[in-house]
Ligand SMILES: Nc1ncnc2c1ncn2[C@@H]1O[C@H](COP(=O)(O)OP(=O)(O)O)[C@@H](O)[C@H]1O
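As a starting point, one isolated chain is supplied in structure tokens, in the form predicted alone.
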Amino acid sequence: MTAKVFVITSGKGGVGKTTTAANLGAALAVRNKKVLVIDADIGLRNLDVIMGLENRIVFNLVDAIKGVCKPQQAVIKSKKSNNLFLLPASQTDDKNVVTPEEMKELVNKYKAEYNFILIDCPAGIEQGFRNACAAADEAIVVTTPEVSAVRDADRVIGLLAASSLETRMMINRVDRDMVRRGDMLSPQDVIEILGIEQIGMIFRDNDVVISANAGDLVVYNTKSKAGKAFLQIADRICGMDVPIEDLDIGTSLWAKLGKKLRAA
């Protein structure tokens, strides 16, 4: 067993990157894959809370890198799955305490134990971003259908391309009604702007927030559309041919903006 390593990134904060890392890890675990999710956001860890594991932390990523503990001692098993594990970030250290080379060396120590390793990348494009990307084989860029989020995603995609990382995107919080009214960028708009392959989209779903606040994951909610969408993305990552839903829309926001720009 040699894990395939994905970095989950976005550039912009607040687009649901950490929620995506947690739920995608859970979805892969549901598909009988052994998964390690790594919180690389040193100083601002959140994955443990979303996964309901904050009370189980003894050691963390920095401890594992610096030799305070053995790598496997820092890993915490999920309460919900025997296939899902978390390596939490340190809450008291600075991002600069870890180098990209150290991160890569640590991740390599885990590869033989897991099918997939997902690295939750901190927001921004500084040291934390470089650390998270250093060990990755592929990248998933999370964006929402907002102009500012898409612009930041575009910047990150350029940096990932320079690192020769294969990159796909996930569009989060798509609102069908807003897209159909032309008040939100459509998934096709986002694909046109960013020019990379889409691995999936998650519709706006209150169950995501409710689950996260309860320290649970929406993947385990069988009635949630978002949970089902994460499972479909997991299937695509595993190589299955699962079609992405095509929205039946009218005039998109991007088309409206284009008309206004041409009129000006």
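Because the structure is a prediction, the values reported are computed rather than measured. Residues carry their position along the shown sequence, with the first being 1.
Beyond the structure shown, there is the form predicted together with this ligand, which is absent from this document and is the topic of what follows.
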Segment assignment from 231 to 239, 31 to 39, 58 to 66, 198 to 206: heavy atom within 4.5 Å of this ligand in the predicted bound form: 198 to 206
Contact label in the predicted bound form: Ser186 to this ligand, heavy atom within 4.5 Å: no
Although this ligand is absent from this view, report whether Arg130 comes within 4.5 Å of it in the predicted bound form, heavy atoms only. no
Taking the shortest heavy atom distance, is Arg180 within 4.5 Å of this ligand in the predicted bound form? no
Determine whether any heavy atom of Asn172 comes within 4.5 Å of a heavy atom of this ligand in the predicted bound form, and answer yes or no. yes
For the heavy atom contacts within 4.5 Å of this ligand in the predicted bound form, list the residues of 17 to 31 involved, in sequence order. Lys17, Thr18, Thr19
